[in-house]
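Below you'll find only one chain, the form predicted on its own, shown as structure tokens.
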């Protein structure tokens, strides 16, 4: 286990962050407890660590960011995680969102497009003792060898919903993905009603880095 300092000050800041998220409309108490439990500052470079409990996204290298806590909570809430769910995450990033899903009881399969970020996050999560299934590659094609998934979450903005992800979602499963242009997206919650039928809900007002890959944006 990696020994990182989690002081009373850090814990107090997490409680304040959870209170802020609750005021902003996050109602799932299990999601809020996971955010209260996981030290977000562990996932920050030293230079930015004082900002770890602000409700903002911050850069983590390779053109990627650690998502705003509200966004992490909102996506996690939409997924309706049940302990034991097999969850595919597209975009491992810092590993923070995947770790929140892990704390919610999910069996997490996460794939990262940026090799340097994948290598760094893999080493970090191993040292932290968080057990996830981590992969390097084009997440827009999913990971078909482990499909179907109960839930799928995409942590970058897509131009369209990648069809391979819908195909790899089990019937009754939920896919949460931001869809729009390169700057602004709507959060889309897809529920797979049958092999050929899905339902959609959309929530406006989100901003993610672009989803890169065959079924996403091109470099």
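Positions refer to the first chain, counted from 1. Not measured: the values here are computed from a predicted model.
The same protein also has a form predicted together with S-adenosyl-L-homocysteine, omitted here; what follows describes it.
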Report the residue, out of 143, 117, 130, 78, that has at least one non-hydrogen atom within 4.5 angstroms of S-adenosyl-L-homocysteine in the model of the complex. 117
So, in the model of the complex, is residue 21 in contact with S-adenosyl-L-homocysteine at a 4.5 angstroms heavy atom limit? no
May I ask you to check whether residue 36 falls inside a 4.5 Å heavy atom distance of S-adenosyl-L-homocysteine in the model of the complex? no
Might residue 125 be said to contact S-adenosyl-L-homocysteine in the model of the complex, defining contact as any heavy atom within 4.5 Å? no
Test of understanding: in the model of the complex, would residue 90 fall inside 4.5 Å of S-adenosyl-L-homocysteine by heavy atoms? yes
Just one stretch in 48-56, 189-197, 148-156, 171-179 has heavy atoms within 4.5 Å of S-adenosyl-L-homocysteine in the model of the complex, so which one is it? 148-156
Mind listing which residues of 24-45 have a heavy atom within 4.5 Å of S-adenosyl-L-homocysteine in the model of the complex? none
